[in-house]
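Take a look at this single chain in structure tokens; it is the form predicted alone.
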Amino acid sequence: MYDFRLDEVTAWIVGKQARTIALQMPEGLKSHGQALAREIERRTSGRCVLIADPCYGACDVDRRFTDYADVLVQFGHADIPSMQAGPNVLFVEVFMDMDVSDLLPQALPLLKGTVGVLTTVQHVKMVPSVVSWLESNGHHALVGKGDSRIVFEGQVLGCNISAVEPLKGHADSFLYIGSGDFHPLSVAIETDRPVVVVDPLMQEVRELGELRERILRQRHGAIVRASQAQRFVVLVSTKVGQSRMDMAWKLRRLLEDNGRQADIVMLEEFHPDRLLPYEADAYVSTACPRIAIDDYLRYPRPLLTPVEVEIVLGLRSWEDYRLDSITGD
């Protein structure tokens, strides 16, 4: 099911003359790590180290690898071009070859008019065939290209759906190929258009209208709870592709200019227990946009996004709500 592209990987390692190779991958691929390490060692003169810490994306390169390895290979994610991870980091898109031919007819009644096609890096090779299928079944199909954080046409990240931007005003609905709901949820909230998910792993089709409304209610509740907050803690990630210190300073000035107190706290892995020493009525996450959405129940105080802070301060209307994003140049 997975194409780890080991011919390309081992040729790169040999070209780097690397003796020690760090291997990093998301949770869904870690069970393949030992077999990958043995095969890479067999094909090269190097030795491998497996990184067990969580890996949330190309934004989450383990910068400490230079302490114990010559190079790092991150499986499962496409490069974020604007991040510039360095010459000794290789991103390996692990493409998945899965049949969705039985699922597409189930999606057809849920789609409207011109369809924007979106996916994650694992399934980008399926986009041309899906576009052809839609066209042959009466729907004009469009694929957009995102900003400098995006490699492939139609590709979206959890933090970046800029591939949607050129489709606004043209797409009447969207078809997302992939697992999980956060990526397409961002599209549903951003565009207010029907978003249909074709999930190759779960082998199911779902429409996100109900989930969109539930998440918006949750976010509205967090904003209302934070509306009277006086003490804010602005959280900054030290992960290389998530760190937005400029955004944090901007938010601190914004809060202080509007009569609130704000402090900046840096940490690599966000966890509510690590915030216990700090007095706060509300937190603001400048890291991965998923944290405030997926983990909000774990925090004893409202956990906001930068967009939501603007609404709390009356600088943006609720009608102009959107999920946070980390954009490229």
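No experiment lies behind these values; they were computed from the predicted model shown. Numbering starts at 1 and follows the sequence shown.
The same protein has a further form, the form predicted in complex with another copy of the chain, not shown here; the description that follows concerns it.
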Candidate site 20, 233 and 264: all three near another copy of the chain in the model of the complex by heavy atom within 4.5 Å: yes
Contact residue in the model of the complex, chosen from 212, 139, 193, 252 - any heavy atom within 4.5 Å of another copy of the chain: 252
Is residue 297 part of the interface with another copy of the chain in the model of the complex - any heavy atom within 4.5 Å? no
Taking the shortest heavy atom distance, is residue 106 within 4.5 Å of another copy of the chain in the model of the complex? no
Does any part of residue 31 reach within 4.5 Å of another copy of the chain in the model of the complex? Heavy atoms only, please. yes
Is residue 245 one of the residues lying within 4.5 Å of another copy of the chain in the model of the complex, judged by heavy atom distances? yes
For the stretch 45-66, return the residues whose heavy atoms include at least one within 4.5 Å of another copy of the chain in the model of the complex, in the order they occur. 47, 48, 49, 50, 51, 52, 53, 54, 63, 64
